[in-house]
Structure formats: C-alpha cells, structure tokens
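Below you'll find only one chain, the form predicted on its own, shown as structure tokens.
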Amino acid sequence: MIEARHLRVLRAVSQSGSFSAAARELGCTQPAVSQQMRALEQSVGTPVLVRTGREMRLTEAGEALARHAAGILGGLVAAEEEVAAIAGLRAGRVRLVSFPSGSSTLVPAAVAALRAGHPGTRVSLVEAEPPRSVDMLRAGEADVALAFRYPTEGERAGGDPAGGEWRDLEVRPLLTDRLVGLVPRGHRLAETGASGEPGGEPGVEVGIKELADEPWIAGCPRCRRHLVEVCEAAGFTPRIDFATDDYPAVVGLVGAGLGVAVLPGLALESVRPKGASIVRVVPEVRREVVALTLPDLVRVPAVALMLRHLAEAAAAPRPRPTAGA
C-alpha cells in the first residue's frame, strides 16, 4: 500500500536529486530516506529510482508516482486544514430537523447563539414530525433531531420510560411540554370551568370528559393517536371533525367556533389564539421534548455545541399562553 509519507520522500528526492539532500530537506537521516524508498518500491513492486553517477533519477514508474504525488499531498493538506477548521468550529455544518412548534420556539434562539459564537458553522433546518424526523437522523439525512413523545400506557403504569424507541440514539431531554385545552370564546366551559372560576386562562380546569360531546380539531398523526388514547381512557371516543398539522389553523378553527382542541404549550407560544380561550385540561397530559443525535456524532464539535444551545433555549423562561382578543 502506498503511504503519504513515501510520496513526500519521493518528491523530495526527485526535487533535490539525492538521498542526502532529501534528508536535509525533510529533517531526517539519509538511511531513513533510503529505507522509505525501499518500502515504496516493495509496495508498488517495481523500482522507482535509479542512480546515475551521484544523482538519483526517477524511473518511469517513479515519474508516474511523482506526477500524482503533488495532487495527492495537496489534497491531504487541504483535508487536514478543513478538518482542523471543523474541529475548531471555524467551519462545519449542522443539519437540524425539528417539529414545527420546536422550530418556532427552541430552534431560533439555539441557532442564533451558535452563529453568534461561531459564524463559520452553517446550520440548515427542515421540518418533520416524529417518527419521520427520527428516521431521517438514522438514515444520515440529519445530524440533530428535535423530537417529542407522549407517555405510553406502559410508562403510566410505571414501565420502561424509554420503551426501546430511541435506545440506539443519544437522547438529551430538553423540557416537559404540558398540553392545554382550547375552546371557542364564550363556550360554557370557558366561562365557568370545572372549578367554577370565571375566564378562559390556563388556571381554569376542565375535565376532558366534559368535552366528550364536542367536535374536535386534532393535530399531527402522533398527537391525534394520543388524543384518542386519552379520551378513550376517560370513557369516550372523540369526534374528530378536522385534522391538520398546522397549529395556526387549529387555533383558527377553534376561534371560529368549529370545535375544541388540545395543543402543546409550545405551539401557543408563537400563535395568538384569537377568538379562543385556553383552559387547563385534567387529567394532566405532558409530552417529553428531546434532542436526538447518533452516538458517534456527539464527538463532532458543531453537533455538541448545537445540543448545548438547544438545552439552554429550553431552560430559558417560557411565556405563559394567553387568550387573544
């Protein structure tokens, strides 16, 4: 096998004309140069140098190697410099995939912090809900996935919280996102709530069973499945009239009086629920929001930094959802 060090020595010998001159140029001994050239000839199976008087001359094979050596060694130098830049966060990239409410709340602060400290690092973002986002990570289409999961029946019963779903990944918990109810302004439960308190703020408690006869507006497929599970555990199957992955659309449909919904708190941070009132649904439901990456990618400086900034963004104080006019 031809090694880069052999090519460096061959180029030095061809340029200087002798082993001794090449040794001086390379800062080593003449026997070391001779040994490297013998090793190279053994690797290629043919002589690469012949002695003519006091000088060394390249054979045809040696000329071919020397001709390619410049490009090979130049490419290695460029590769070394690029890797050093990536390791020093002067360059590099992070491909991020996130669910929509994470994109509008956690991602902006995290990306801004990374770019402020390391402007040479490029960050790209695409949106996908889990499990699609997790599949993209495993397929090498992303470096970091912002994802969420709801507690399963087994977890509520005290089972394995991981459920094996992400066992092959590096999991960084970010926050627990509480789900809140959304009902049309003027709805009977927005006015009184289960506790008898007025208003539609998150402090008003509404038992989910009180919404059994209401038309529902549901979110992403995973959220819809979980909504059905929670409602069935309360003794009814929700009548889902509308289903959309677009949270502003959910809010608009509720505000128009077309149904009720349960939304993650993150989804309401960037959407003003005009015409709707927010209530606190019981039993309480929360989802776990995490950042995922492959175990080997944790050692990549830009990826490690993105995970850190996502954690900092998640730890920042969260605004309380409020109803719009």
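Please read these numbers as outputs of a predicted model, since none were measured by experiment. For every residue, the number given is its place in the sequence shown, counted from 1. Here the rigid core means the biggest group of C-alpha atoms that line up within 1.5 Å when the two forms are laid on top of each other.
One more form of this protein, predicted together with the DNA, exists but is not displayed; see below.
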* To do: Spot the stretch among 36-44, 256-264, 60-68, 274-282 with residues whose non-hydrogen atoms come within 4.5 Å of the DNA in the model of the complex.
  => 36-44
* Does Arg8 reach the DNA in the model of the complex, with heavy atoms at most 4.5 Å apart? -> no
* Do Val298 and the DNA share at least one heavy atom pair within 4.5 Å in the model of the complex? -> no
* Asked: According to a 4.5 angstroms non-hydrogen atom cut-off, is Arg308 in contact with the DNA in the model of the complex?
  -> no
* Asked: Using 4.5 Å between non-hydrogen atoms, is Ser270 touching the DNA in the model of the complex?
  -> no
* Is the DNA in the model of the complex near all of Arg93, Gly120 and Ser124, within 4.5 Å of a heavy atom of each? -> no
* To do: Indicate whether Leu310 shows a C-alpha shift of 2 Å or more between the shown form and the other one, with the rigid core used for the fit.
  => no
* Residue shift check between the shown form and the other one, rigid core fit, Cys28 Cα at least 2 Å -> yes
* To do: Take the rigid core as the frame of reference and indicate whether the C-alpha of Arg286 shifts by 2 Å or more between the shown form and the other one.
  => no
